[in-house]
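This document starts with one chain, in the form predicted alone, laid out as structure tokens.
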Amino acid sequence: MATSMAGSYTHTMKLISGNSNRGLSEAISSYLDVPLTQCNIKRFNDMEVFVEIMENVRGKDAFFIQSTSYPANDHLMELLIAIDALRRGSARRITAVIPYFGYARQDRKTGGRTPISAKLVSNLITAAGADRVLTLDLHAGQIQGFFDIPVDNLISAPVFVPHIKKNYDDKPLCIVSPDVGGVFRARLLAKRLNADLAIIDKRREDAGVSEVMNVIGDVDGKSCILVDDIVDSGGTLCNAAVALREQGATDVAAYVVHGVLSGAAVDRVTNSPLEKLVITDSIAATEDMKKSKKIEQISIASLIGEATRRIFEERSISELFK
């Protein structure tokens, strides 16, 4: 747990929360023992965003906490306008703390005349005046290179590993990547847990629809944990759970960093073979998510808070990955 910072840091560190996930911001504030700076964010009648920082930030180290989750465009504009307000308020350094980085799935051209929106968003954040970005489990690591400012991309393993050990320590365990693109993330977790590794080979026919084709690896008689960065419709995870059970897995759970869970995703998870879906609070939980007995949310406040403190103190972030 963090030592008290209020006495020495309150007047030099400024934590400011956007509207996307106030609960996480308050938890980070509690971890650091630094109060949230008063900030007025409102909408005009035509839904223009207005941000006013209500305390002096001149010469301060400012951290604006905002996930660009649903409604993504509103929360992105809040972030950009708040960064501009901090810059014009003469903050010494501005760190955009973005637990969930929206638009990250648009990290490459998927066809003719299509955008690379993740690059555009990175340009906007830089142009607004951010000095650095702190985020968690980017959909694609190369997005860090889209920025011309420092980016600290945290990994969720320090949060997931203790939780998995607590619940599966006495079971034969297999970590499963739901697609080939997520193998690196699954391998990292499997190594930390000394667990077996398997991969789901799937073919995606249409956007948002996936068809599981094959399970690569031995999952018979094992507790399988699917690991991914984002769960949106839930189709990939649910289809993967069916395939794993058909191959002899005793039970299947999923650990996913960012719980977008759009549309009927919660119902899909509830009616699937998944025993449990564990997500972080990088995105604020909806009422449906809170009511579901299969969905559990664990906090990343200590991870984000510790990284924030290390940035403020100019200490190593990479030590958190060990």
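Please read these numbers as outputs of a predicted model, since none were measured by experiment. In this text, residue numbers run from 1 along the sequence as written.
Although it is not shown, the form predicted together with a small molecule is what the next lines describe.
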With the small molecule left out of view, which of Gly235, Gly89, Gly129, Gly217 would have a heavy atom within 4.5 Å of it in the predicted bound form? Gly235
Among the candidate residues Arg187, Arg245, Arg105, Arg93, which is the single one with a non-hydrogen atom no more than 4.5 Å from the small molecule in the predicted bound form? Arg105
Would Asp152 show up as a contact with the small molecule in the predicted bound form if we use heavy atoms at 4.5 Å? no
Report yes if any heavy atom of Val231 sits within 4.5 Å of a heavy atom of the small molecule in the predicted bound form; otherwise report no. yes
Quick one: does His75 come within 4.5 Å of the small molecule in the predicted bound form, counting heavy atoms only? no
Which is the contacting stretch out of 217 to 225, 143 to 151, 235 to 243, 116 to 124, given heavy atoms within 4.5 Å of the small molecule in the predicted bound form? 235 to 243
